[in-house]
Each structure stands twice: as structure tokens, then as C-alpha cells.
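The chain below stands alone and is given as C-alpha cells, in the form predicted on its own.
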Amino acid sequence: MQKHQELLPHLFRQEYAKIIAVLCRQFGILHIEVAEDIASEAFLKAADHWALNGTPENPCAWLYTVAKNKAKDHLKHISIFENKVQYDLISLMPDNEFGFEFNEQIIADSTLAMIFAVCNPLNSKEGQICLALQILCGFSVEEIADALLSKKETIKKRLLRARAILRNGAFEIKPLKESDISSRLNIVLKTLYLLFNEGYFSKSNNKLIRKDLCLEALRLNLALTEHELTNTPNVNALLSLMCYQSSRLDARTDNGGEKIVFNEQDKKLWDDDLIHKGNYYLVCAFTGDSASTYHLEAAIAYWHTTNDKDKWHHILDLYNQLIGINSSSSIALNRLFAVFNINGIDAAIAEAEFLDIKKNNYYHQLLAFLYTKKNPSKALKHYEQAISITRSKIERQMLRKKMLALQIENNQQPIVLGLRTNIQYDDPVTGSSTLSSVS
């Protein structure tokens, strides 16, 4: 049986939000903090009890039972329930008994409704994303700050404002109406996109990839496809994109956790099952009359999984369409890798230097890659720039190793780099990152 030290973090990501959703279905979104306290207490009790008695046969059922019992205790004994919640609950509870259950249907309906509840259009996009990461995914304030490259104090303020609006909005955790979905689906998809993006290009916990975040985004996105009203072309396109990108997670880093670029990845490590799922959801996505950025990025990711001799021409054509919709720096940089594969180094360098986005570390990484054979001295300068900008410790280590290898190859004296900390960063919330990356 899996050790509880390994199992609990996984269960926390999977079940914490579900417990909160079901409790909020019973108590109302106004009392979300109480639901979060109960869910947290259930996991704390699991950590203590399982350490002494071992992991139970059905850990999820154990957690749900503890959460339900703790909710009963709150109703009976804790003053916040007696003063603020108890009378609100009387009309919802038959014979004044605590009557709800954590069955599969209630969990699924409550989780879906909670996804839409936290994506309240009255909140700013930044607030919605912070709230979703905290409530749906169990992120700490520090993790959210890392994920969004923001200060911890900024995240705290966003969460305070977003939580106040969430409570005051009184969104009911119950089966969704079409109006709820139409007003919030776009921001829900944006939130899931950014969640997956943080796992795929992680800056937190000194890891380049956080599979748990990718899998959580996949799980939440899959839940949308299982509901008739949310099983839309855009939802399927985003899920297809996530499947394709997830298929290459094991090939994207080496044993030391350092990034392996697309052209050097071991394709035997790609997950064929996820690629087939990506194909399935991509077909499902093309059932409407229009294509979103998710469709284009998914199509780009599809071509990366093929051995078609003309695939880079297809990829460049799709990037040209995508950049007409979203001209973010990341899309422009990813497009240049296709230019390089079709037209060569000189063409790619010319277009890269025309972009001139010097505050983006991936811009300098790309130019370092392109200049490595053509002009090693310029490549080293761009590596130095990239190192000075990135916030990721493991990325800095990787770039230093590449610099050192290039210096040794060209018989240059290795240099020690000083790091600057006054660089301004692109805000992922504005769409400066894209999952159609070639890395």
C-alpha cells in the first residue's frame, strides 16, 4: 500500500476541492471559510491517524467520513455555526439532521458548480485565477505568487477582494443553468489553461515541470466534457491540447530535472495513449463554425506528435494564424522555432532580433541557441541575459551548464555571473505564455 506521506499530497490535490464543494452545496458559498477549515482539519487528522494506524483501505471514503463528522461537530458545538450558520441550515436539513452524502453524483455536480462559482465575472481576471488556484487546487499563497510571478502581498490582497465578492455573490452550488455557463466559461477555460501552463513551465518549487498541476488541470477540464452544457468545442480543444502536451512530460527533462528541447527528446518516452486521447478530443473540438486559440494551439501540438516531412510548414502556418489572434511574446518566440526548422538560422535570428523583447528570458535563450554555432560570443551574452532574468533556480543552473559547455568548447575562460534582480516580468495573466511551445 502506498505510504501515507506520498499519498496525502496527491489526495489533497484530488479531494480537497471536492470536499469544499460538497460542504458549500450544503452551507452556501457565504460560509466557504468554514468549509475550507473542515476540509483542512480532515487532512490534518489523516496525517496524524494514518501515521499511527496505517493508510485505510479506502482513503477517500475515510476523508469524506471525517469531513462529514467534523461538520456535524461544528453544527453542534462551534460558535460560528451556532451564531451564523445553524439557522440558515435548518430549512435545508430534513428533521434537523445532517442529511447530505458524499456520493459520486453530488461530488461531480458540486465540483463543476464550484469551478464556475470561483470564476465570478465581477472579479478581475487576476482575482478569479488566484481564487481558482487556491480553492480548486489547494495552492498556498506562496505557490500562487510563484505561479503568477507576483509578490505574496499582492496575491493576499487579490484573494481578500476576490473572496469578498465570491461570498457576496451568493452563487449557489447546485446543478448549473445555461446562463451561468455562458457568462463564465471563457474565464474557466483561461484559468485551467494557466493552471496547466504553470505545471508545464513551472517556476515554483525549483522544478521545471510539476506533473501534479498538469494532471489537476486535466481532471478539471475533463469534468467539463462530462456535462452536456459544458461539453463545447473550446472545452474539447483545450483538453486536446493538454493531452498532447502531457504526452511528452516524461521526455521534457533529464534525470537531473533539466529541460530537453523538442528536437532532442526521446520519442519512446512519449505517451501514445495520451496522444490518441488528444486526437479524439481534437476531432470533437471541430464540430462548430469557428476556431479559438485553443483549437490552433492544439493543432500545433498535434503536428509536433507526427513524423510528417512537411509538419514544420503546417506548424508555421498555424502560428501565423495564431499570432493574428494573440500576438503575445511567447507565441512569437515559439513561431520562430518553426521558422528556424524551415528557413534556417539566419532567418530565425533576423526575425528574433526584430522582436527585441529583452525582458523575456526565453527570448535570450532562443537567441543563445541560434547563435551557438554561428557566433558563440553572442550566444554567451544571451545566456547571461537569460540567467539574470529567470526566477527559476533550476533553470539558472541549466543555463549556467550550457554556458560552461559552450565556453569549454570554444576554449574560453569560464566566468562567474552576477545576477540582477530589478528585471520586470511579463504577467502570465495577460496571455504572455502559450502551451504550444516546442520544448
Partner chain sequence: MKEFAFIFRHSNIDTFHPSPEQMQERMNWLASIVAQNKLVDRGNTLSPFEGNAKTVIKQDLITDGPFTEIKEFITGYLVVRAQSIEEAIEVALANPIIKSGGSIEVREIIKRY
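The model shown is predicted, which means the values in this text are computed figures rather than measured ones. Positions refer to the first chain, counted from 1.
Omitted from view is the form predicted in complex with the partner chain, to which the following refers.
Proximity to the partner chain in the predicted complex, defined as a heavy atom within 4.5 Å, singles out one entry of 151, 309, 267, 76, which is 309.
Screening 314, 167, 72, 219 for any heavy atom within 4.5 Å of the partner chain in the predicted complex leaves a single hit, 314.
None of 222 to 230, 245 to 253, 286 to 294, 323 to 331 except one has non-hydrogen atoms within 4.5 angstroms of the partner chain in the predicted complex; the exception is 286 to 294.
Taken together, the three residues 276, 282 and 302 all come within 4.5 Å of the partner chain in the predicted complex, as judged by their closest heavy atom.
Contact between residue 189 and the partner chain in the predicted complex is not found at the 4.5 Å heavy atom cutoff.
The closest non-hydrogen atom of residue 214 lies beyond 4.5 Å of the partner chain in the predicted complex. For residue 339, no non-hydrogen atom is located within 4.5 Å of the partner chain in the predicted complex, even though that partner is not displayed. Put simply, residue 318 is close to the partner chain in the predicted complex: some heavy atom of it is within 4.5 Å.
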